[in-house]
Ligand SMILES: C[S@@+](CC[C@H](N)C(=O)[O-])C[C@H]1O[C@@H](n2cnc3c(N)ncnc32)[C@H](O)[C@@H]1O
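In structure tokens, the next block holds one chain alone, the form predicted on its own.
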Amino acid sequence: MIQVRVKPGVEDRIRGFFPWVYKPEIIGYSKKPEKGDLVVVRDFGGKFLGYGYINPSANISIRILSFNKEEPVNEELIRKRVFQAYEYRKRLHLDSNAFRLVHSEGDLLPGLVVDVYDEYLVVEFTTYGMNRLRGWVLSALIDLLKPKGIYEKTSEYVSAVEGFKVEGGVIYGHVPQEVLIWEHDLKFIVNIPEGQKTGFFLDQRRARRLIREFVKPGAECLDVFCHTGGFALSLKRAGAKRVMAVDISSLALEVGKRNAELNGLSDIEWVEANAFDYLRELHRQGKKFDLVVLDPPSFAKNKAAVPNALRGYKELILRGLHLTKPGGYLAVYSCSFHITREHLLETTLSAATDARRQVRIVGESFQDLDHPWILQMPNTLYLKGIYMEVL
């Protein structure tokens, strides 16, 4: 196995279980590595630090899978990690037949995402190295869960960063265009091939439950970036009189309408529009709501994008504050780990100052428990939600 040495000082972070080694931190190889090669990471003096895989052309060059010298990377380790991930999910007793089974670094399997939708799996290999291990991964998943089918999702952004491309699509068994899932007291149609992410925002399960606590009887609510209606349907089920659901995707809105019918919910107005433009138009018309939900896609895929992302968040929050009735509630979310909780609070304060509205923070949420995060790796905490009462 190729031996890799890192610069002095880097070893402290790795011994603290941080699983990434950046390209500038590497000072030497026992031989020139190829993309996806398994490696042993050693400190400047040659002492063992961990086993991982390498992509010498990527900024995050090495991702460590094992910090235990007696536990090298092999098929047995991959199967063990998949099994441990499954056992953890079973202990959560999630009130749904859809959940995240493997959450990349959160389950000590960097570069791998696996979601369960009833009897079907959706997988995404996000690194060159993990893609090289796909045979072991798929074998473990099939043996453990015995799914009817596995669908592979791909990301052009990830492929460009890591320098690999795969076809995607159905890679095992049969996967229908749509799968029916349930969550708490609601059912949802999931379009796996065409839906965003792996088909549904499973990480917002906790938030969809929490949002119900802020719905007053007969409330009028606004759900912006509604996708297929996860929040909109939750608001209606909680007793909202009327919900306006806004998204730019006609496909998502069509599925949202069908989800509403499936659950016997009416008085949801589905609006196809650019969120920023539509919020400005609602403000111009003087519209007001008892509860406003803002759940935008990731505005910051990298650190360089943070300043522009924060400007986008401020614009959204500012509009949301103007559209919230006094005594009403505004919920805003960020799904990028580059946007921290502090970023979100500071931007909210700036927007509230400009809007001349006093706000009281009444709750927070993070990704649900099937999307675990590692304390030694802040990057794994990516989803944050702030709930505020607009006074």
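Just so it is clear, the model here is predicted, and its values are computed rather than measured. Note that residue numbering begins at 1 and tracks the sequence as displayed.
Although it is not shown, the form predicted together with this ligand is what the next lines describe.
4.5 Å heavy atom contact, residue 128 and this ligand in the predicted complex: No.
Close approach of residue 302 to this ligand in the predicted complex, 4.5 Å, heavy atom: Heavy-atom contact with this ligand at 4.5 Å: absent for residue 302.
Residue 117 within 4.5 Å of this ligand in the predicted complex, heavy atoms: Judged by the heavy-atom cut-off of 4.5 Å, residue 117 is well away from this ligand in the predicted complex.
Distance check, residue 225 to this ligand in the predicted complex, heavy atom within 4.5 Å: Yes.
Three-residue site 4, 43 and 56 fully in contact with this ligand in the predicted complex at 4.5 Å by heavy atom: No.
In the predicted complex, the one of 312, 296, 149, 168 near this ligand [non-hydrogen atom within 4.5 angstroms]: Selected option: 296.
Sole residue of 244, 275, 133, 211 within 4.5 Å of this ligand in the predicted complex, by heavy atom: Looking at 244, 275, 133, 211 one by one, just 275 meets the 4.5 Å heavy-atom criterion.
Options 304 to 312, 168 to 176, 150 to 158, 229 to 237; stretch whose heavy atom lies within 4.5 Å of this ligand in the predicted complex: One stretch meets the cut-off, namely 229 to 237.
Any residue of 235 to 250 that, in the predicted complex, places a heavy atom within 4.5 Å of this ligand: The stretch touches the partner through 247, 248, 249.
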